[in-house]
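As a starting point, one isolated chain is supplied in structure tokens, in the form predicted on its own.
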Amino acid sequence: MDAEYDVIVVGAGFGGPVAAKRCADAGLKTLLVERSGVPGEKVVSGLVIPIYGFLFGPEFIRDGNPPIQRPICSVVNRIVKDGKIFFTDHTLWVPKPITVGYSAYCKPFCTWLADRAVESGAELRTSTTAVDVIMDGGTIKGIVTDKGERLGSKVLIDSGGTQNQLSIKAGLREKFTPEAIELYMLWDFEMDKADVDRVFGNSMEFFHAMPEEKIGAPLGYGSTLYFFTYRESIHPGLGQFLVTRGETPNAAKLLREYFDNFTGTIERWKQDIAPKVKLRSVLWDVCPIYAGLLEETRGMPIYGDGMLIIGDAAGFEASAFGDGVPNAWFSADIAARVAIDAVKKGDSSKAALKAYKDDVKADPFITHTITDFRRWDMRRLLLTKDYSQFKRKIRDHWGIGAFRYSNMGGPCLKAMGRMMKDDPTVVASWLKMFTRYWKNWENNSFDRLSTD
């Protein structure tokens, strides 16, 4: 070995730095390896992180000053029929400074997370790719980098994301099936803050439609057209599954066509938005939204002798919302606890690391969110042309119904009860977070990044 570590974490996206910080805080010699030049650089553009990730995730995020782009206080759902908006749902909203989530650009947020790991003592190596694992008698003992280095570990935490091959090379997992993968296209538009404030406020918007409108998910299999809002920009996105009804559609062509149909017909875009925006970039990415819904994918191992797999690499994308950040944080926290215990006991065998799988199953959110069939079931509704049911399902999915007990209400209440039992003062921390995050956003004042 060229160097030895207690823990090596591969991938400095949203989950990896959390695991690295936890391990470093516990006094473990920790290495965080990132293949891009800057943490978060390879994660496409931006996203909206649901509030439950901040409330019930790592306390250093809740108590910190991460670079958020805009507090999101409401979700606006619009249904399009015959090329016009004929129904709008505003049921999901909360008064400021409380939010339903925060929008963020990935690069600065992941850099902020990695900075916290480095502050805690973790070593960060950027522009370094883990190209293979080191095996010894069936146990993973480290990684081989693209520079030819052999770096040893007692526990390897794989946070390499959807397109990562490390856990496959370790013989633990297989490639995600095309039926589980969504290709999505993202448009990033510059927009003055005053215009974003006036047109959208602290909201994000979804545009829903039956397949014949050709503006929502192409062929009805994929993402509804969404608009994420940032400080001085907006971010429309639309997705299509790689395999639809047993066939492979030309997703790139369809996504462009559907967005062109939207921009060419919807007055909301033509009158309120288009005159105020300037296209900055068009981006592509993939995500394993339905990985948890497919039994063969969900059954793939998430741990092995000397290795733990977290976040998107483990298929922990929330199927109903297409968001993996909270689950990346939750699984990173669990993995770090198990890795710390394994290193201290001197036992990183598969049997010792099984605690990771047990704790993932016991987590209020991870299994619940990856096996949520609401979005999957929406495809059947899109074939019925039943607009009354369409309205109800949209309210249940993206409106106030999202927080019914059987949806996200139950996991939130369970997590809240668990945290308040352990620390009754956590409620005060939540309230301080809402107030502090809002003031930080108003003043555009966040922690300085190492890349500044």
Partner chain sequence: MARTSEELPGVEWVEGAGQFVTIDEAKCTACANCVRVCLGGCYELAGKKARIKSLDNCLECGACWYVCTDGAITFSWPPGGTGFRSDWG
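Numbering follows the first chain given and starts at 1. All figures in this text were calculated on a predicted structure; none of them were measured in a lab.
Omitted from view is the form predicted in complex with its partner chain, to which the following refers.
Undergrad: How about F176: is it within 4.5 Å of its partner chain in the predicted complex, going by heavy atoms?
TA: So F176 counts as contacting its partner chain.
Undergrad: Does any heavy atom of L151 come within 4.5 Å of a heavy atom of its partner chain in the predicted complex?
TA: It does not: once its partner chain is placed as it appears in the predicted complex, L151 has no heavy atom within 4.5 Å of it.
Undergrad: Since only the chain is shown here, I'm wondering whether D396 would be in contact with its partner chain in the predicted complex (any heavy atom pair within 4.5 Å).
TA: Answer no; every heavy atom of D396 is more than 4.5 Å from its partner chain in the predicted complex.
Undergrad: I'd like to check something about W93: if you look in the predicted complex, is any of its heavy atoms closer than or equal to 4.5 Å to a heavy atom of its partner chain?
TA: Close contact is absent here: in the predicted complex, W93 is far from its partner chain, nothing within 4.5 Å, heavy atoms only.
Undergrad: Looking at A355, I168, V199, I98 here, can you tell me which has any non-hydrogen atom within 4.5 angstroms of its partner chain in the predicted complex?
TA: The residue in contact is I168.
Undergrad: Quick one: of P211, P301, G121, P249, which gets a non-hydrogen atom within 4.5 angstroms of its partner chain in the predicted complex?
TA: Answer to the contact question: P249.
Undergrad: Looking in the predicted complex, is its partner chain within 4.5 angstroms of a heavy atom from every one of D188, R256 and D285?
TA: Every listed residue reaches its partner chain in the predicted complex, so yes.
Undergrad: Tell me the stretch among 203-211, 270-278, 160-168, 357-365 that has any heavy atom within 4.5 angstroms of its partner chain in the predicted complex.
TA: After filtering at 4.5 Å, what remains is 160-168.
Undergrad: May I ask you to list the residues of 102-136 that have any heavy atom within 4.5 angstroms of its partner chain in the predicted complex, in sequence order?
TA: Read in sequence order, the residues that approach its partner chain (within 4.5 Å, in the predicted complex) are Y105, C106, K107, S127, T128, T129.
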